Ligand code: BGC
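Presented as structure tokens, the chain that follows is alone, the form predicted on its own.
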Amino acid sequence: MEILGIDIGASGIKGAVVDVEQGVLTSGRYRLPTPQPSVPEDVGDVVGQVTRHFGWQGPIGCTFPAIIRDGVAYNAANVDESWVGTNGQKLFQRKTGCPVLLLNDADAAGIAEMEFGAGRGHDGVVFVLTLGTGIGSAIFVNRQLLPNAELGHLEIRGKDAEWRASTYARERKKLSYEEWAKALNEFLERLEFLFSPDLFILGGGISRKHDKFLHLLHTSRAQILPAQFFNQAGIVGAAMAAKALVLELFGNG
């Protein structure tokens, strides 16, 4: 089964066709810049362009960097404030002419990692953290997703954790990997104290460079692994989540 996955980020909107039974892309990725300001109608127009690039007419799984409940965005940490209260799912259905399932971007990345990536075969409490413009988070308990966790906004010494430990924070402050690892360690230690996870999976584009910083991280008990899908996780996970939409529309046949 193939489904189009679209991943909306603060700087780019990218999509690809995904074989959801194997967790692999069956097309090249197509990426367009996220419009600035990232207001709903303009973002919807770009999602429509990505869809038309593939000539796609079936169900779509789409990520968004916000708390998403029944297709509605409830916060807007790294996109325009006008998204709060917007039903993005209906907007994208209108812009694409296709049925769309909208979900939190980190949740989508976590779904991909748990099914086909670094989390495959791992039970217990697993945190998937996506390091990028902010810090996205997905929590799994015995492989069941607890949706819309916003652990990147956990306050550490008066500021959101993502302000100190995201990839953007490293670039903004021009930190070495050693300096950045100290901030990331502080975040991981706080999460471990509060939740006692069994495994951290660190994702986002920076996970391609895990050899530069993973050995600098430490926890008292939890294992730390690099993500395997890198920045394709959102696309793959969104398409996988949309399998439920296919079943709803067409049944098991």
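Each residue number is its position in the shown sequence, starting from 1. Not measured: the values here are computed from a predicted model.
The same protein also exists as the form predicted together with beta-D-glucopyranose; that form is not shown, yet it is the one meant from here on.
Although the partner is absent here, L175 lies well away from beta-D-glucopyranose in the predicted complex, with no heavy atom inside 4.5 Å. The closest heavy atom approach of E162 to beta-D-glucopyranose in the predicted complex falls within 4.5 Å. In the predicted complex, beta-D-glucopyranose sits beyond 4.5 Å of every heavy atom of D80. Although the partner is absent here, G134 lies within 4.5 Å of beta-D-glucopyranose in the predicted complex, judged by heavy atoms.
Note on contacts: among V39, I67, L32, I224, the single residue with a heavy atom within 4.5 Å of beta-D-glucopyranose in the predicted complex is I67. Residue H153 is the only one of H122, H153, K182, R94 with a heavy atom lying within 4.5 Å of beta-D-glucopyranose in the predicted complex.
Of the stretches 94 to 102, 112 to 120, 72 to 80, 167 to 175, only 72 to 80 has residues with a heavy atom within 4.5 Å of beta-D-glucopyranose in the predicted complex. Of all the residues from 174 to 211, none has a non-hydrogen atom no more than 4.5 Å from beta-D-glucopyranose in the predicted complex.
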